[in-house]
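So this first bit is one chain, no partners, the form predicted on its own, shown in structure tokens.
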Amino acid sequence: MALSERTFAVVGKSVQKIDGLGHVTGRTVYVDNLTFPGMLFTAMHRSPLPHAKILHLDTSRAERLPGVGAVVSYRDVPNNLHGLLTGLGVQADEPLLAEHEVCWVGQPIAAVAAADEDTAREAASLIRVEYEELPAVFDPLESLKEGAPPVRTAYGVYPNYYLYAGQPCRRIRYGDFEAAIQKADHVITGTYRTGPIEHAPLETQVSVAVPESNGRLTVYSTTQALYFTMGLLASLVGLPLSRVRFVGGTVGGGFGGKVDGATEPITGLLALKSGRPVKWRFTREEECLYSSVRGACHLEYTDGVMNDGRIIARKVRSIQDSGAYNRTSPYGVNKNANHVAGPYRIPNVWVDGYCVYTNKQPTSAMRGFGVFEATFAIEVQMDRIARQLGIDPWEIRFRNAYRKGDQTPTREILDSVALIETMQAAAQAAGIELTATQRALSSKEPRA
């Protein structure tokens, strides 16, 4: 039976969202709707400086304020240094609450749980920190330069970049770029930048931690990765997983921004210390300024192209701004390096992908992070090549598109490819008149 003759239950049909009716009628229950007897509310004392040593921390005035149930600092965190991807071999490099130094404006230092949000914020303002300000660096290109100020100093000597197998960047070498670029009829370069992007979910980061009478800790969370965040909290607060129970709530928008465990470890610590339920809901200001963002990216392309539009060599230098710590950025850079050559058969590829630290808020996951930046730069570069050679931009893509049996720069043989067919369908939907030759192409045909 032909695909067009088949009957589908969902494909091509309007299907009601399972949770849609609850959303539009206001009956959906979110984590922020939850209340418990004796519940406390959280506020954070954050660094006003981008880089400084912490010489002295005094929380005593906050602790004495009437209505305060608990105050926590690094002294209360059993395993303060953590990393989101330690299970993948990415080193733990970020303190939950700053101990020796602060490395970005807004870095958490001490948290307060109080009877109401106003009291919590007042108590947080009473916390006193003595600093010795240090040089800071904000541009990843400057951070890479020899002699740049170190972004972090507290937990050993770190270079201002993540090390991939001992190298300063994620490297891909395929074919012989240097030889191929000498044979090219044209050398076409382009530099592209993307800025940091905040996820801006309608619902900010929220969690409620409830200490149970049986010694367990129940956490109601908006996390996108329930077991991931549960393991992170258990590790930080020093509890076995058997004593932690997570209840995932309706996520009012996440897009990758709710995988970092932004609130859960803090509410967990405060609940354990106070013996009472604790809620923390980010203000919109906190969500915009202090949650993670998609990191800015700088990409430099050098392409060797023949007169007929075939790309025979591509070199890419990609620099990702990770902010002050790793979080998920080393993984994002790895994805970026694997994609920056594009969905095109290029026999000679050279990629250097850098994960660079700066004294800015840490960056993390956001909707295909690493791939989005690569795709943007690739397709603008393809248009640049088409313009300089005077070739139709559709044609330049058809000529270089992957086909079945092609090998990628990471040495994968492609078995199932439909890029040509996808472009043909896109052209038809957009009302673009392709040539007869372009309409006759197939990803399954061997390359001429």
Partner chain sequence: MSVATTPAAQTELVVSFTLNGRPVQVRTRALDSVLAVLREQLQIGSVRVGCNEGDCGVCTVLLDGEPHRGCLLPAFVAEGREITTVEGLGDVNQLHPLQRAFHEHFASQCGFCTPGMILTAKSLLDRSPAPSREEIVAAISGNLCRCTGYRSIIRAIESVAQQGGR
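Take the two forms, superpose them, and find the largest set of C-alpha atoms that agree within 1.5 Å; that set is the rigid core. No experiment lies behind these values; they were computed from the predicted model shown. Numbering follows the first chain given and starts at 1.
Omitted from view is the form predicted together with the partner chain, to which the following refers.
In the predicted complex, the partner chain sits beyond 4.5 Å of every heavy atom of D406. Contact between N33 and the partner chain in the predicted complex is found at the 4.5 Å heavy atom cutoff. The partner chain in the predicted complex comes within 4.5 Å of a heavy atom belonging to T204. Mapping the unseen interface onto this chain, P66 falls outside it, with no heavy atom inside 4.5 Å of the partner chain in the predicted complex. Taken together, the three residues K17, G26 and R281 all lie with some non-hydrogen atom within 4.5 angstroms of the partner chain in the predicted complex. When the partner chain is considered in the predicted complex, only one residue from V244, A184, A225, V251 comes within 4.5 Å through any heavy atom, namely V251. F255 is the sole member of F255, Y161, Y174, Y192 with a non-hydrogen atom within 4.5 Å of the partner chain in the predicted complex. Just one listed stretch, out of 319 to 327, 370 to 378, 195 to 203, 82 to 90, contacts the partner chain in the predicted complex at the 4.5 Å heavy atom level, and that stretch is 195 to 203. With a cut-off of 2 Å and the rigid core superposed, A430 has a Cα displacement that falls short of the cut-off between the shown form and the other one. A440 shows a C-alpha shift below 2 Å between the shown form and the other one [criterion: core-superposed Cα displacement of 2 Å].
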